[in-house]
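In C-alpha cells, the next block holds one chain alone, the form predicted on its own.
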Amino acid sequence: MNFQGQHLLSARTLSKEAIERILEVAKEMEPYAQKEEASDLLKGKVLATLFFEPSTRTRFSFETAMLRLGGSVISNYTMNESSSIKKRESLYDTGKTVSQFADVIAMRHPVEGAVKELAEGSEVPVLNGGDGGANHPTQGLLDIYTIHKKFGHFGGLTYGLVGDMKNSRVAHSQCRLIKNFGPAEARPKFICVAPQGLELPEDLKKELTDSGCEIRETTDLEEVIGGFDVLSNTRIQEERFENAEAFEKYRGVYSITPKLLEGAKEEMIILDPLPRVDDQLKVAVDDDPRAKYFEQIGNGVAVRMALLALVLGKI
C-alpha cells in the first residue's frame, strides 16, 4: 500500500497488509519516541492539529510525534470558539484553507463524518483523531500495537471489551482492525461486556461475524474475565448521552479493581484509552504488572510518528 498523500479516516479502510506495515514502521520509530535518538526526518514539514473536542493524549501525542521527527506544529484546540467556524465557515473551506499552511492535518470532532467533510476540502493528508462515536483509527492502531508487543500476534486471542460498546469509537476501531488477523482456525474472539442499551452496534457485529470472528455478549464481567487475554476497558461515554439523567443510570456500572483481577489470567493485559473517571478503573490497578494503559499512551507516539512519516512519503 502506498500511504503517501492518503487520508486515514476510518479503521475500515486499512487492510491486514497496511496495518502490518504501520506496526512495522512504529517499531522502527521506538528509539525516537522513547527519546533515545533524535530525528530530522520531517524537518521543514508542518502538522496542523484541529481539535473541536477536548483531548489530552491524542493531541499531545500527535504533536510530540511531529516534533520528535524534526517537524513543526500549528495547533488550535478550541476550533469551535476561536476559528472561522465561529463565523459559520464550512468544514470543507476550513480544510481547503488550513492545507495552504500545513503538510498534514490531525483533527478531532464530536460529530461523525465531520473529519471526512474537512478532508474533502483538504489538499494534504488528514488523520482522524476521533469523530463522534464512530471512528478513532489511530487510537485503535496504538492499542493493537500494544497487544502485538505483548503477544506477537492477534489471531486466537480472546478480547474482552468492557464498557460502552455502543458509543466507544475506540472499541469500534479496535474491532475493525483486529478482525483482519488470524487464520480461519484461530480467528479472534470478542467477549463484549456492556449494560443493556449500550451493546455493540448490529452493523459492527455483522462485520465481525462475516470475518469469521466469534462474538459473545454479556452484562456480567466477573463471570467472563477469566477467559480474557486482553481486557480493553472503556468508560461510559457521558458526552454521547442526550442528558445527565440518561447517563446517570450507567454511572459506575463496571469497575476494574484488584479484587476483580484475581479471577483473570496472569498473562492478560489491561488496556484503557483513558481518561479515568469515577471508579471505572481503580488507581490501585496501576501497580498490577498486567496494566499497560500508560505504556499504551507512550506507544501512541511511535504509531503516530509512523503514520506521519508514511503519509508524508518519508518512509
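Quick caveat: nothing in here was measured; it's all calculated off a predicted structure. The first residue of the sequence shown is number 1, and the count goes up from there.
Missing here is the form predicted in complex with phosphoric acid mono(formamide)ester (CP); even so, the following discussion is about that form.
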Do Thr58 and phosphoric acid mono(formamide)ester (CP) come within 4.5 Å of each other in the predicted complex, heavy atoms counted? yes
Any of the heavy atoms of Arg108 lying within 4.5 Å of phosphoric acid mono(formamide)ester (CP) in the predicted complex? yes
So in the predicted complex, is phosphoric acid mono(formamide)ester (CP) close enough to Leu274 to count as touching (4.5 Å, heavy atoms)? yes
Distance check, Pro54 to phosphoric acid mono(formamide)ester (CP) in the predicted complex, heavy atom within 4.5 Å: yes
So which of Gln139, Ser168, Ser122, Asn233 reaches within 4.5 angstroms of phosphoric acid mono(formamide)ester (CP) in the predicted complex, heavy atom to heavy atom? Gln139
From the candidate stretches 207-215, 193-201, 79-87, 131-139, select the single one in contact with phosphoric acid mono(formamide)ester (CP) in the predicted complex, where contact means a heavy atom within 4.5 Å. 131-139
